[in-house]
Each structure stands twice: as structure tokens, then as C-alpha cells.
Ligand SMILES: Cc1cc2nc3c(=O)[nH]c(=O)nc-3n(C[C@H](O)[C@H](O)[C@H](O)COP(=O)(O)O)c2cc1C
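Let's start with one chain on its own, the form predicted on its own, as C-alpha cells.
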């Protein structure tokens, strides 16, 4: 099963991220956990989230980039759901293997263009610089990190650019469902 953890605080204002979600939520063997819909008060049902993660072989974190990271709700979800002794070992080295061997795909949209994510660009660093904390979150939990997908300048790009990323995401998830793993060259 593919679990999509979707964290968009303002989906009504999102053309790109919403298009990606709408395209994949109808695929077979996909479950979507829309965090802002499920937990408008930020009171996350940890057990329900951990049960959903337990059923998944592929976990997709999908959201717009906020201040070079994840939206507040997803950060809170990381803090309370990916708990010591469940997602990573406790202080004595026990437990913490619930996510070992599961794969993780990060799908994000950014307001900045590709050119903005360069040493000379507005953000002063490549996009890859900002991948590291998200990647390390997955790896720390024993997950297999898959090459992330991003759509830059999400509010600026035309429908054709969104369709390219959308179609690539659908193809990757369909391939995963059919083969039980990521099967095309990354």
C-alpha cells in the first residue's frame, strides 16, 4: 500500500499541489492522510497515523515547501508520530524498527523558480541543500530514501509544466504498485 501524507495548510490556493494530489488519490492501493483536514486543532491521533504507516510499503510526504522545510503540521506530525522506540530505537537501543525497510518519497512544490535555488539565485543555495533534513528524517527511521520530486515556481508555471510533474508522479506510483518497488531509473 502507498500512504500519502498530505500537508497543505491552504489547499484552496494551490493549483499545483492540489493537481498532484487529485491525480494520485484515485490510484489503487493508495491511502491519503490529509493532515490539515484530519487535525485542524493539531491534535494528531498518533495511533491512527502509526497504524496507517504500518500498512504502507511506500510513504509519500507531499506538501508545499515552507521556509525551506515542511509546513508546521507536518513538522508536528514528525515530532509526535515518528516516536522514539517506535520509529527509531529508544535510549537503550530497543524497538524503533516500525519503518525499517519502507520506502519514502518526498514530493514538494516551491514558490521559487529553479534559478532561485542556485548559489547565485535568491535563496543562495541549490535545492539539494534543503533536501538533507527531510532525507535524514526518513533515513534516521530506517527508511529507504527515493529521489525526491519537486515542482519549482508552482504558482508561476503553466498547466503543461504541472502536467509533466503530475504524469511523472502517477507513473512512479503506478510502477511501485505494479512491481512492489520503484522500478524505473531515478
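Residue numbers count along the first chain shown, from 1. It should be emphasised that the depicted structure is a prediction, and the values quoted were computed from it without experimental measurement.
Another form exists, predicted together with this ligand; not displayed. Remarks below refer to it.
Of the candidate stretches 28 to 36, 136 to 144, 45 to 53, 64 to 72, only 64 to 72 contains residues with a heavy atom within 4.5 Å of this ligand in the model of the complex. Mapping the unseen interface onto this chain, residue 155 counts among the residues with a heavy atom inside 4.5 Å of this ligand in the model of the complex. Contact check for residue 21: no non-hydrogen atom falls within 4.5 Å of this ligand in the model of the complex.
Within 4.5 Å of some heavy atom of this ligand in the model of the complex lies at least one heavy atom of residue 112.
Although the partner is absent here, residue 125 sits far enough away that none of its heavy atoms falls within 4.5 Å of this ligand in the model of the complex.
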